[in-house]
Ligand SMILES: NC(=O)c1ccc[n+]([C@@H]2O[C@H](COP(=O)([O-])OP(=O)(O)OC[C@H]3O[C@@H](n4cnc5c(N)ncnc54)[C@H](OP(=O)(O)O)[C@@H]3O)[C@@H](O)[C@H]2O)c1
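What follows is one chain in C-alpha cells, specifically the form predicted on its own.
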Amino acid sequence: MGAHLITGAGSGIGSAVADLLTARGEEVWLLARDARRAAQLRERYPDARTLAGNLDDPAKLSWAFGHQALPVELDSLLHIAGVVELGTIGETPVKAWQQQLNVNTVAPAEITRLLLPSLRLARGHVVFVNSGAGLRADPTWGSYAASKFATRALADALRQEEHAHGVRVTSVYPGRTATAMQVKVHQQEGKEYDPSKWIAPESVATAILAALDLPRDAEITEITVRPGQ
C-alpha cells in the first residue's frame, strides 16, 4: 500500500479518488484550504491525514507546509482541485485571471516542488487532472483554458525533468463531468443542468487509478475521457 496526497478531495473527482483509495486501504493525505476544512475532511475520511494550504495564495504554501508534518515518501500526488470563471476576454478582470492561474497552475507547481523529495524517494507519480479546455480554447473559456494550457506545459516539462528520478507524470483531460464545478459552468452559460448527460466522477477516478496501477515498465502520459452518450 502506498501514500497518496489529493487536492480537491471535498467533492467531485477528488472525492471519488479518495473514496477508491481509502476503500482499498491506501494511506491518504488530503489538502484543505484551512484547519476548519481539514477537520471536515477528517470527519468524512477518519483514517486520512490532512494538510492545510490555500491554493489561492501559492506564495504562502511553503510557509504552511513548513509548519506541518509531510509524508516522508509519497507514491502519488494528485492535483484535482480547480476553479473556473467563464467570460469573454473583453469582460474578464485581472482578479479572475489571477485566481484561475493560481489555483489551477501555480499552486500545483509549488506543491509539486515542495513534495518532490518525497516523490523521488518513492519513485512516485504526479497526476494533473486537466480539462478538455487544456487542449482547446473556446469562446468565453479563454482565462480558464489559459490556466489549463499552462498546466499541460507544467506536466510535460516535469515529466522530462523527473524521468531520471523514476517519477511518472500523467495529464488527465476529462470532458464535462457531473460535479459542482459543472453546475457553476451551466449557471454561467445560462443552461439547464442535467448530470445524467455528463461523465460520472467515479469514471474519471477509475481512469486515474488505472494510470497509478500501471506496472513500472510503462507510463501513461495522457488520458482523455469523454462523455459516452
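Residue numbers run from 1 along the displayed sequence. All of these numbers come straight from a predicted model, not from anything done at the bench.
Although not depicted, the form predicted in complex with this ligand is the subject of the following passage.
The closest heavy atom approach of residue 203 to this ligand in the model of the complex falls outside 4.5 Å. Contact between residue 11 and this ligand in the model of the complex is found at the 4.5 Å heavy atom cutoff. Put simply, residue 175 is close to this ligand in the model of the complex: some heavy atom of it is within 4.5 Å. Residue contact check for residue 78: none of its heavy atoms lie within 4.5 Å of this ligand in the model of the complex. With the partner omitted here, the residue from 101, 115, 83, 109 that has a non-hydrogen atom within 4.5 angstroms of this ligand in the model of the complex is 83.
Scanning 44, 197, 33, 163 against this ligand in the model of the complex with a 4.5 Å heavy atom cut-off leaves one residue, 33. Note that among 89-97, 143-151, 69-77, 115-123, the stretch whose heavy atoms approach this ligand to within 4.5 Å in the model of the complex is 143-151. Contacts of stretch 59-73 with this ligand in the model of the complex, defined by any heavy atom lying within 4.5 Å, are made by none of its residues.
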